[in-house]
Structures are given as C-alpha cells and as structure tokens.
Ligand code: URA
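Listed next as structure tokens is one chain, alone, in the form predicted alone.
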Amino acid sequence: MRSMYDLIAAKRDGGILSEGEIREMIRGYTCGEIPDYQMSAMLMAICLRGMDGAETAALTDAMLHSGDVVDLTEFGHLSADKHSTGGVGDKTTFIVAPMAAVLGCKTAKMSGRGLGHTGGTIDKLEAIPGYRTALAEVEFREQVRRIGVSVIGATGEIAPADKMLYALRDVTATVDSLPLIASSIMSKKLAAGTAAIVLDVTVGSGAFMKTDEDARALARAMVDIGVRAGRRTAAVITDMDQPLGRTVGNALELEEVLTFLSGDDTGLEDLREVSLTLAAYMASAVHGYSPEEGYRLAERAWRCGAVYEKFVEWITEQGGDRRWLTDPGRRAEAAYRRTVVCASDGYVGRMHAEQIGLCAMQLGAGRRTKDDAIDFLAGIRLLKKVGEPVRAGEALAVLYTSREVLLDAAEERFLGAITVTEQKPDARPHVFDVIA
C-alpha cells in the first residue's frame, strides 16, 4: 500500500487511486492516523485533477461504511427515498413522501436541519406543534411497515467521514469539486439503506449548481454511484432559478403544502409538476411502472384526496397536532408583516432565487450559524412570479417576521432580487431532464 505522501503525489499528477487505497485513506483519516494537512492536500489534488467513476464510487463506499448503515432489507424492493440538492421554497418532501406511500413505496426517510436560506426538512416539520422528529428505531420501522412513511432526523453516526471531510473542504476552498460533491451526497443516501433513490438535482440561481451543464454532470455522477452500489437510481433535473411554489419559510411552506394537497394548485404549477415527477420515478423504481404510468397514478392519488389523507395520518402518527393541519384558525401568524410593492409596469422578468432565500433568512426563517434559532413564522409569500404582469404600486410579496426591525433591510434585498421588464420573458420548463 502506498503511503499518504505517495497517494497525494499520484493524484496531483493525475494518477488513479485503487479502491483499497481510498478505503484505507478514509479509515486512516477518520481514526486520526492521517493529519488534516495531508487530507487537505489530497482534497485539493482531487479538486484539480478529479476522479473517475470507479474512484468516486470507492470514495462514496468508504465514507458510507465509516459509520452506521441503516438496514431496510425487511422492506425488500419497496423501500425508496427522495433527496434534493437544495433550493429555495423546496417543500416537495411533504408531498412526495405521502404520495409515494399511497403508491405502495416504503418511505423510511432520515432528513437534516438547514443552514442558510430556511430550515431543512426537520426544521419545517418542527413548525408543526407536537411533531416528533426523533423516534426509537423500532417505532420508526413499525410506522413505515404500517402506514408506509416516516420522516425523522438523522440518527446515530451516518457517514461521519463525510462530516469530517466537509468541514475540511469548507475551509480549504475544495467544496466545488464534482466527485467530492457527489460522494458526499450519495454516501449519506446509500447509508440510509433504501433500495431505490430518486434525486432532485436543482439548477439555477437558487441551487448549488448554477448551470445546466454542471447539474447534468452531478446528476450523471450520482446515478453512476447509485447503480454501482446496486441501487435503482434516477436523477430529475429541475428548475431553481426562482423559488419553488409561492412561499419561502417553514410554517408558510407547510401551509402551502396543505393547500396543494387539498386539491388547490392555483399558481403552483411548478410545485405540482416537480412533485408528481419525483413520485412517478419513485413508483417506477419500486414497481417497474413506466414513468408515464407512475405520473398518472400519482396525479390520481393526489386529486382524489388520498395523498392529503396520508399526509395527515403520517404527521399525526408522529405526534403532530391534527387541528393545526385541518383548521387554519389554529395556526399562529408572524407578529409583523410588510407588503412589498412594484415600482413600475411590466412583467416579472427575473427572480434571483438565492437572494430571495437570503431575504427569508434575514427575516429569521433560516440560520446563519448552526446555533441560530429559527423563527418558524418568518418568511415570504410571493404574490407574483416570473412571467406574470405587474403594475406600479401592485403587491409583489408579503414579508413576515417576529422582529419589526428586520423588515427594512429585508425589503431592500427582496426588491434587489426582482427584475421587471417591458417584454414578457420566455417560460422555463419546471423539469429539464431525467437521468436514469
């Protein structure tokens, strides 16, 4: 086995590392035998020279086996998971998870908290009074077995090597590396144990991948890793050049989900198409349906109310307040709000999704640091989206927060994220492609 020095030199010169060398390198780093300075050098070499498919798969496998691996074999081929690479207003888990359960998938999902624009899936679920994000393993499995869906916070030590490497990448300018990004995401997804994985790879101003080319490359890399690991894997490339749906913020997004699941998709065409497509590919992976048949079945389950009923069942099974779900009058509202108005006539030509996300974070909906507390009631309700006509003085959005002092700066940022044009912009598709 070559020394760490020799491995760094080999990768620096464009060489290929063997599976055994990669596995030993990750083991050595996680147990403290390899120092940060050597691993930093290796990460920079990977960032500059890249990794081929076999190396990336080996790195992923080494990271996923650095900690606990969830055993979902009792659910056989029915276990399925969905993962998003992130975005603004991304609330599809709350639709796709119960939808997949209605379609016969076993969705045993472990999710994380957010750092940035808004809360993560677990933070958003905690906006529901009483919801328990931590369940004993036996309770978690029993719920999935009985009703087909459970979403909890990540437990145990899932891919601890990834946490260590990401912390190092974050301070060594090596985050932006395709094999490192792909292996980081997939090590956690594979460790979660599902037989089928559907990836929502977002692209645009509010996504990690800003260009179509980069999004496709990441999608192909992750699908390749999944296939090499023996999992049925698909990647759906979706638009994130503007927020998904019309709300950004934890409780606001859940309210929008409830509106959608109740059958009202007015102005939510993007949320409908992305959610149905993701659920269709989960059903396709599990049951062998064509994606078209999966989409048809998903849409029928939504329109007949079965997905809404499954959502309520799932949330209440985990302690969520049924009255909060079914009675809008039970939901608290932010103490302060401000309507943001347009300065000129025209069309909304662009919404810079990342800046809108940062605006929501300014209002308290997200975290700047991991120790920040989230204001569950803070966020943004979008009254206009790209391509829609606006008049001077007409409302563009409503900002919500529990701290009035935050409104001026948030309004300024929001207005800076909106471009009004004389001509109506060309429509962008909500789903660009699927790699499976």
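Numbering starts at 1 and runs along the sequence shown. As the structure is a prediction and not an experimental result, all values here were calculated from the model.
The next section is about a form of this same protein that is not shown, the form predicted in complex with the ligand.
- Among residues of the shown chain, residue 236 is not one whose heavy atoms approach the ligand to within 4.5 Å in the predicted complex.
- The ligand is not drawn, but in the predicted complex it has no heavy atom within 4.5 Å of residue 75.
- Contact annotation for residue 180: at least one heavy atom lies within 4.5 Å of the ligand in the predicted complex.
- In the predicted complex, none of the heavy atoms of residue 127 sits within 4.5 Å of a heavy atom of the ligand.
- Figure note: of the listed segments 323-331, 255-263, 147-155, 163-171, the one touching the ligand in the predicted complex, with heavy atoms no more than 4.5 Å away, is 163-171.
- Contact with the ligand in the predicted complex, defined as a heavy atom within 4.5 Å, holds for exactly one of 207, 185, 215, 244, namely 185.
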